[in-house]
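Below sits a lone chain in structure tokens, taken as the form predicted alone.
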């Protein structure tokens, strides 16, 4: 079956954050919107069919997850990650970010230190600071666009931490950490008894024929590991607010589950439950076709910048659908760069400073869109730079 990812779908006036919030966040709505990390592609046809059938039933009461729901997750983690997950390890949550906050609230105390690796997804910062915890940062080292771990700094700081929040694959820099890197971090966390919350929401989209390997599939870190997964990014169903936290250690799981249950976060979204099960059981051919299309998009951005905008720098992300572009050669401060891209180039990108001080001078571009969007966006950026 062929899937048309070139088709342009007008998302305006659908309550869509990515497009309908442009005026509020960027001051104008005539922008190519390439910021927040959802896709401009309709969900897989088989997911739409399952949802349509459920809609036609017409009754949407409280939810019960059948065994098929958990079996769908187990089948997915086994096929895609080589990881055999037990049903009892799973906690259903309204999203990965709520799961991160649950872990912070239950596994740490006020004033405890929590380690993150910057530049990184903004909710990692707020999950720490909004709950009166102290932020520790292990800045990734930018080695000519390839980001690696500062191992000496990591070891010094993990000893002080009560929790480590890992982003793998990493948002925004696009790294999929190697088994050697994961073992390094995992071994230290085990040594100092520091729980690891691993956000693996981008793990399904991996390039160059590789298979994602996370800490869970390495089987050595069950005592300290909480892994968060969701079909929301891979299948463009974020609006259904459905994710899974996988916690092998019963003591950690009980702590998280107690708060999770007391807040009644377990009830779930009727359509999210259906969509997850469909995504993980029938939509894999769609995902494989999507990955091929996204591979073309990431290479298009790299090729265009190398040929037409050599003053900028960008590397090919190893996973996900986000490119991390270095605009520092334009010699603008972050406010001026945001204004330039918004009001002269007329593109909506995520400003790098949003991901921490290490993101200064960068912008993140979401390339999960029809190629025509990217072509127009790159033309606008090129024209704006060459005529400034």
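Source: prediction; values computed, not measured. Numbering follows the first chain given and starts at 1.
One more form of this protein, predicted in complex with a small molecule, exists but is not displayed; see below.
Could you work out which of 273, 104, 305, 96 is the residue within 4.5 angstroms of the small molecule in the model of the complex, going by heavy atoms?
It is 96.
With the small molecule left out of view, choose which of 319, 47, 347, 37 has a non-hydrogen atom within 4.5 angstroms of it in the model of the complex.
The residue from 319, 47, 347, 37 that makes the contact is 37.
Please name which of the stretches 107-115, 141-149, 199-207, 252-260 has residues with heavy atoms lying within 4.5 Å of the small molecule in the model of the complex.
Single hit among the candidates: 199-207.
Evaluate residue 194 for contact with the small molecule in the model of the complex, applying a 4.5 angstroms cut-off between non-hydrogen atoms, and reply yes or no.
It does not: once the small molecule is placed as it appears in the model of the complex, residue 194 has no heavy atom within 4.5 Å of it.
Using heavy atoms and a 4.5 Å limit, would one call residue 294 a contact residue for the small molecule in the model of the complex?
Although the small molecule is absent here, residue 294 would stay clear of it in the model of the complex, with no heavy atoms inside 4.5 Å.
Does any heavy atom of residue 162 come within 4.5 Å of a heavy atom of the small molecule in the model of the complex?
Result no; residue 162 lies far from the small molecule in the model of the complex.
Is residue 233 close enough to the small molecule in the model of the complex to count, meaning some heavy atom within 4.5 Å?
Yes, residue 233 is a contact residue.
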